[in-house]
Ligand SMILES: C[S@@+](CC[C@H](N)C(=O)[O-])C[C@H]1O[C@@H](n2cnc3c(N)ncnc32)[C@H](O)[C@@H]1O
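A single chain comes next, written as C-alpha cells; it is the form predicted alone.
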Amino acid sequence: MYSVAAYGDMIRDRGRMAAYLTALRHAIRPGASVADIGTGTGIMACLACLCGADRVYAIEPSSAIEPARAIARANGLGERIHFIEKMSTSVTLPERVDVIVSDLRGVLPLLQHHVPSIIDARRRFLKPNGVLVPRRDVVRIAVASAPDLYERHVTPWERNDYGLDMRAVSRIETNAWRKCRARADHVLLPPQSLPALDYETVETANLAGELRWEVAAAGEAHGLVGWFDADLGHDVTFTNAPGAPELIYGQAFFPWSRPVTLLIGDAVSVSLRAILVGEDYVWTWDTRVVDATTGETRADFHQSSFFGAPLSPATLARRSADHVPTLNEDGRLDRLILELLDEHAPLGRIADEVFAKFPGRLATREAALARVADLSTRYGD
C-alpha cells in the first residue's frame, strides 16, 4: 500500500495528471457513471466528477480512502462519489459503468494484481462499448550501456575495503531488477516492444516476448532498460522513456550477469518473460550475444528474479510439495482467532480469549486486540 506522501508525489506529477485529465474529458459524457479502481486519496474520482460524471464508484482497499472521503466532501462531491473500502475483485457494483479509470502500475504495468484486476473490472463492471482509461500499455526494452546503474548492483559485493570475498551476493543482485532513472545516453541499442497490454481484450496476466538486435554502434553493455508507453484513448499518450519528461514511474534496469563489449554486427537476442506467481511477478531474462565474425557465442546469460532473493535450503524444503508442516505457536494463535471470527464473536471477546490462552506470546491485552483486528481487517467483512 502507498503512503499519503506517495499519493502526493503522484498528484505532483503534472505530466501524468494532465494526460489522465485530458483522457477523462474525452471519455466522460454528462451523467456518466465511472468506476475508479484503486482511487487512493481520490484525485481521479474527483476529476471524473469535474468532467461531468453523475456517479463515481471509488474503490480502494487501504485507509487512504478516509482522506479521499474528506477531500470529496470539501469539494462538494460527497454525494456523487460512493467510496468502497475493498479490493475491486471483491466488489459488486449496483450497475455497470460507462468508464473505468485506473493507474495501478508501478515502474512497469506488470505490478502485483494490476492486470487481473483490470480484466475482472472489465468483465463485471463495464457496460458494452464502455471506455477503459488507460486503453493499453506497451512495454519497451532497450540494451543499455549504463555502468553507473550496473555498479549499484555489484560494487558493494565485488569491491570492498575489508579484503572479504562477497561475490556470492553479486550473483543474487544481478538476478534482481531495480527502479532507476535512466538517461537517453544509457540506451545503446534501440528499444524493441513486447506484445501490447490491450486492456480491452487482454485475458492473461503474463507477458513474454523475443527481442533481437544487430549491433550498429559498438559499446559496453550492462543490461536492459525497460519502460512503457501508455495510450489513454483519443490520442492521449505519455511515456516514461529515458530522455522523455520525467514521470513518477522511473524506469526498470535488468542487469546482465557481467558487462559485455558489443561489436558492430554482433547479434543480441533476449527472451523476456513476466509470470504472475502469488502476489507478484517473476521476471526472467535470457540473453545471448553472438560474435558477428566467428559466430561464437560470447555471452549466454540465464537470469531470473526467482534467484534474486536469498533462499536457504531449509526455506526451500519447507515449500516443497512433500513437506509435512506442523503449526507453530503463531499458527495456533491465528487459527483460534479465525475460528472465533467465523463464529461472529466480538473482537474484544476474541482478544480476551486469545490473551488468556497465549499469555507468553501476547504481552498485553492491547497487543492481543491489535492482532485480532489485523486478521479481522484482512479476512473479515
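Just so it is clear, the model here is predicted, and its values are computed rather than measured. One rule holds for the numbers: they count along the sequence shown, beginning at 1.
Another form exists, predicted in complex with the named molecule; not displayed. Remarks below refer to it.
**Student:** Heavy atoms within 4.5 Å of the named molecule in the predicted bound form: which of the stretches 26 to 34, 327 to 335, 43 to 51, 343 to 351 has them?
**Tutor:** One stretch meets the cut-off, namely 43 to 51.
**Student:** Can Asp229 be called a contact residue for the named molecule in the predicted bound form at 4.5 Å between heavy atoms?
**Tutor:** Contact with the named molecule, no.
**Student:** Asp103: heavy atom within 4.5 Å of the named molecule in the predicted bound form?
**Tutor:** Yes, Asp103 is a contact residue.
**Student:** Thr284: heavy atom within 4.5 Å of the named molecule in the predicted bound form?
**Tutor:** Residue-level check for Thr284: no, no contact with the named molecule.
**Student:** Does Thr174 make contact with the named molecule in the predicted bound form, using a 4.5 Å heavy atom cut-off?
**Tutor:** The answer is no: Thr174 has no heavy atom within 4.5 Å of the named molecule.
**Student:** Indicate whether the candidate residues Met10, Arg16 and Lys86 are all in contact with the named molecule in the predicted bound form, with contact defined as any heavy atom within 4.5 Å.
**Tutor:** Spot residues vs the named molecule: full contact, yes.
**Student:** Let me know the one among Ser117, Thr239, Ser170, Gln192 whose heavy atoms come within 4.5 Å of the named molecule in the predicted bound form, would you?
**Tutor:** Selected residue: Ser117.
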